[in-house]
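Heads up, the chain below is alone and in the form predicted alone; it's given as structure tokens.
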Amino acid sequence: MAANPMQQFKVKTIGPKIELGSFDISFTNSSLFMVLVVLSIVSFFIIATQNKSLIPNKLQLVAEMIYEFVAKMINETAGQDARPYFPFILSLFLFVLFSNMIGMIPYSFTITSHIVVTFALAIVIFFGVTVIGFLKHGIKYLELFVPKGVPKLLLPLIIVIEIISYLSRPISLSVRLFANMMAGHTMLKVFGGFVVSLGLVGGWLPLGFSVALTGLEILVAFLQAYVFAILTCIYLNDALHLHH
């Protein structure tokens, strides 16, 4: 019998169970891979920058490309005023990217396939951007919900729509990443199960699909990290400039 494709998303406790009141704060496989992701990012940049030179080696070149990529993304979507938030956007992009990529390794765990993780990231972004908006503009930040040029008759309806759209940001941001990663890994597991069950004779077709899906998932892993980061920049741009 083929393995349950949803089994790969199960959160398992590692070591003793730890409870704080009614909350289970035990160390899990999800916690382990979060630590591995952070250590991988830090290790990569330490190794890539320890022997800096005018003619960069491959690792230094990749590190510089990531730096320039995120800096350009922030500059084009949120402008010069968003430069102080570069470290956060870079960290966010790298965390999602490395989480997605490490999740592509067989028998690993994909952190971003869990809605609780992606929603936690999204809610931090939502509240952070909201606080920045009010700190910069004060009560005028509420003008974000009142687009210019709207007829007065339609204004109450438009305001309600704008508020709902604003409040749905953390939901759409988190569900997009979670759904894409979960669906992709489920499909890979399903086709992998077909390869095993059909054997050498009939397994060539699903094996081909698995290889193609793996390539597609690697592309999706990068694109979802990019989309997550660029939407954060767009929300930040709204908070800094009150564009309508």
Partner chain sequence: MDLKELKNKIKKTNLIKTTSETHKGNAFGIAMRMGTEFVAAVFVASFIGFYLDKWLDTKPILMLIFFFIGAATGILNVVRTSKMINKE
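Predicted model, so just to flag it, every value in this text is computed and none were measured. Numbering follows the first chain given and starts at 1.
Beyond what is shown, the protein has a form predicted in complex with its partner chain; the following relates to that form.
- Only one of 129 to 137, 103 to 111, 89 to 97, 165 to 173 places residue heavy atoms within 4.5 angstroms of its partner chain in the predicted complex, namely 165 to 173.
- Taking the partner from elsewhere, residue 72 is found to have a heavy atom lying within 4.5 Å of its partner chain in the predicted complex.
- Using a 4.5 angstroms threshold between heavy atoms, residue 226 counts as touching its partner chain in the predicted complex.
- When contacts are judged by a 4.5 Å heavy atom cut-off, residue 116 does not count as touching its partner chain in the predicted complex.
- In the predicted complex, none of the heavy atoms of residue 55 sits within 4.5 Å of a heavy atom of its partner chain.
- The candidate site formed by 160, 216 and 219 is fully in contact with its partner chain in the predicted complex, as each residue has a non-hydrogen atom within 4.5 angstroms of it.
- The partner is absent here, but in the predicted complex a heavy atom of 180, alone among 30, 210, 60, 180, sits within 4.5 Å of its partner chain.
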